[in-house]
Every structure is written in structure tokens, then in C-alpha cells.
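There is one chain below, alone, in C-alpha cells, taken in the form predicted alone.
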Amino acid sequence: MSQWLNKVIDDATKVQDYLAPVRQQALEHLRAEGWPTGRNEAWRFTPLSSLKEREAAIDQLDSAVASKVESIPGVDSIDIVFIDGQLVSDLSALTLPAGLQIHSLTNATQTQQTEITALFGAVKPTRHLFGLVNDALCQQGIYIEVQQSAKIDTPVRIVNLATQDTDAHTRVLVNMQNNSQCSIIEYGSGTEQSFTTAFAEYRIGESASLEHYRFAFFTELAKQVGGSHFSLHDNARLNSTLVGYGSELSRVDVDIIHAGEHAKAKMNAIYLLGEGELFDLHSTIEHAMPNGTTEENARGIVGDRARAVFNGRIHIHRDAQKTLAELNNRNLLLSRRGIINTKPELEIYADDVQCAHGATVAEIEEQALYYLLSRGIKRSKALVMLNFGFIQELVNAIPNPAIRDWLLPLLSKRFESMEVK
């Protein structure tokens, strides 16, 4: 057991609220599992030494930072802001469209508490160490309900900023009722020494449709572990886009559970690692019902002495006949001192399915680079062009053109910082 985890368990025993039964279960799992060693497959390639003996200093919240949250040009979003784990947005002041309700976990009514308790931990797997930490310590979070047949055109943007050396634990719960439709953006960033766990659970009802984004832009000393977890019911639709940067410790888990028939899920992921950074993406697709479809594409660009970890698993249950599932992971090394650990998995127990998976690791083509340099293009600009070419297909697939236009210059700036000197 680590010093940090011992303190987590001690602090969690002092939290008493309506989620106490869920927290108690999480504590029991944490005590039983303890700190993961190098033999733990889920953490085999992701060192946790920087966190094991961590002592967080909790400073006063600087609420002025909330006013500095930049909007996405062309996207008139409903913004909900967390700073260092504290909800700073006044939810009562939000102007919400008909059919959309947003509540704080701490100020929920008795009826809402019942709904929150039923959803809390129902989608996120219990196997995740830091997910259990979030279960045990999270007090700041929101509950979003999209009512039946509601079509919410205005995206909801959840901003999570790390500004100082604190441990921050936030939770997002989303209940999309039947035939509803909405768009949700999870955005997190920070550069200072800090540790953030941010988990989101989505229940997507029958014939409901979710357009989802997660931008995990924690870099430098900002450590983050989080996840987005989805449960799809009959004829549900999910289109999810993940863009992640590397930092001292950065990991995102994505779980998609086909809990109903004829559900369709599409997930595109891009991760970009600068010098010496780490990014770990674990995804699990559970096809538990027949006639489901999943398409997952993950592409990563890894800089000098950086490490990327990808573990993608598709599990076809015995009753999940007529399943179509495909998983592809492609990686580009900017330096031979970069490391990529990729592990795509297929576990199939049904006999009438169409499934495929694959992974590739390549380097920048010297011939292509030489061609651009010979045309008078600077090396830094040439590398940006080649990097864009590698991920362009996934960027073009982003459903919202305004988000795509906002993301392009951010990626260009990121590529320039990743150049191997």
C-alpha cells in the first residue's frame, strides 16, 4: 500500500452523505486490491512512482480563474466549470433549453439523490483503481438529465482546470432518456504540479443519440487519470472523439457497453506526446447484446523519449450474434527513442460475427520529409504537415465543424512543440 493511497482511504472514511453505501464498497475494493505492482497488467507500462508517495498541498481556490475560460469560437455552449476539483459555476443561473436539467451532486433533491445513486458507478467498471478513488472521494460533480424525446442543440461543455498542487476528484453523470439527443464536451487542462481524477458515466437510452468529445489537455507536471464510460440501450447511437496530450502521468479509460440490441458506437482517438511525456489509453468494448456495431480508430504521434500505451479490447459475449466490430491502432514515431506499447485484443464467444483488429508502428518517411524540405519548406513546418496527414482522416470525421476549426490550430501548435531537436 502506498502512502498516498493510505491517505485516500483515511480521508474517504470521513465522507458521509447519501452516496455513503457506494463509497463504502469502493473502500472495500481499495483495501483488498492495494497499490498496483509491475505485475498488474492494467498498469504494466504506466509507472505510478510519481504518485505513490505524493503529498498534496491544498491551497485556496482562485475563483478568478473561471473568468479566463476561453470559449470555442462558433460554439454557443452551456459551460460548467470546475477549478481544482471545485464547482465554480452557478447552476441556478444557467439558461437551459427545454428538456435539459443539470444539478449539482451536493445540492440534489431527495428524488435526484435516488436517481444519482442508481447511476453512480453503474456504468464505470469497478476494476479501475483510480475510479475507485474517485468513487470514494468525489463530492463535487454534476448530474445531467436529457428528458425523453428532447433534442438539445446547444452543446454542454464541462471544463476541468488544474491550477495548483491539489488532488481534485470530479464526477459527471448523464442520463439520456429514450429518443433524446444532445452533445457533451469534456475539456480538461493544466500544466502545474497536480493530480486530477475525472470520470463520466453516460446512460444512453433507447434510440437516443450522443455526440461526445473529450479533450484531455493536461501537460508537463499535471497528472490526470480519468475515463468516459457509456451504456448503450436498444438502437442507441454514440459518436465519440478523444484528443489527449501527454504529461508526467496521463491516462484515459473508455468503456462502451452494448446493453441493448442494434446499438451503434463510433470512437476516434488521437494522442500526441511531446518529449518525455506519457499517455495511456485503455478502451474496452463490451458487446453483450446482438446486432451491435462498433468502429474504433486510435492514432498516436510519439515524440522523443515519450511513451504511449494503448490497450484496446473488444469482448463479444455469447449471445451477441450478428455483431460488427473493428479496432485499429496506428502510431507514428518521431524518434527511435520513443516507446509505443500497443495491445489490441479480440475476445469472441459468439459464432456469427464480423470482427477485425490491428496495430501498426511507423516512422516519419524520410523521402516525404526530404521532398518537402527540397521545396523550401522549413523542417518544423514540414513535420507539422506530415503529422497532420497522419491524423487528418480522424480530424475530418469530427461531426461539429466549429469544433474541428477550433482544434486545428491547437494541433498545429502542439506539433511544433513536439519537434525533435
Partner chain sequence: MSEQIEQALERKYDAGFYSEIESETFEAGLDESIIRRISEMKGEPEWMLAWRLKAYETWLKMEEPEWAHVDYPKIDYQSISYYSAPKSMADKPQSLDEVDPELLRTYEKLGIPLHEQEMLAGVAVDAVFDSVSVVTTFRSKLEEAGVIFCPISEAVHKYPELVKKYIGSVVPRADNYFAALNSAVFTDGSFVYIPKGVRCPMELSTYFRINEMNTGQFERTLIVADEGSHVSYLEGCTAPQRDENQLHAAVVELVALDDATIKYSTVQNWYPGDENGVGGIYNFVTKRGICHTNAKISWTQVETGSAVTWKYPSCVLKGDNSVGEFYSVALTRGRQQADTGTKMIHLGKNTRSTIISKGISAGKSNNAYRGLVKMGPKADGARNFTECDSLLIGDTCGAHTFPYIESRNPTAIVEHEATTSKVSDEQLFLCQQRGLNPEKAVSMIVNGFCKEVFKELPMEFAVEAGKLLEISLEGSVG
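Remember, predicted model here, so these are calculated numbers, not experimental data. Positions refer to the first chain, counted from 1.
What comes next is about the form predicted together with its partner chain, which is not displayed.
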Students should find that, of Glu115, Glu347, Glu295, Glu192, the residue having a non-hydrogen atom no more than 4.5 angstroms from its partner chain in the model of the complex is Glu347
In contact with its partner chain in the model of the complex (heavy atoms, 4.5 Å), from 221 to 229, 330 to 338, 133 to 141, 81 to 89, is stretch 330 to 338
(message) Is Thr360 part of the interface with its partner chain in the model of the complex - any heavy atom within 4.5 Å?
(response) yes
Q.
I'd like to know if Asn178 sits close to its partner chain in the model of the complex, meaning any non-hydrogen atom pair within 4.5 angstroms.
A. no
* Asked: Can any non-hydrogen atom of Asp351 be found within 4.5 angstroms of its partner chain in the model of the complex?
  -> yes
Since only the chain is shown here, I'm wondering whether Lys343 would be in contact with its partner chain in the model of the complex (any heavy atom pair within 4.5 Å).
yes
* With the partner absent here, would Thr37, Leu242 and Lys266 each sit within 4.5 Å of its partner chain in the model of the complex, counting heavy atoms only? -> no
Those residues of 241 to 269 with a non-hydrogen atom no more than 4.5 Å from its partner chain in the model of the complex are none
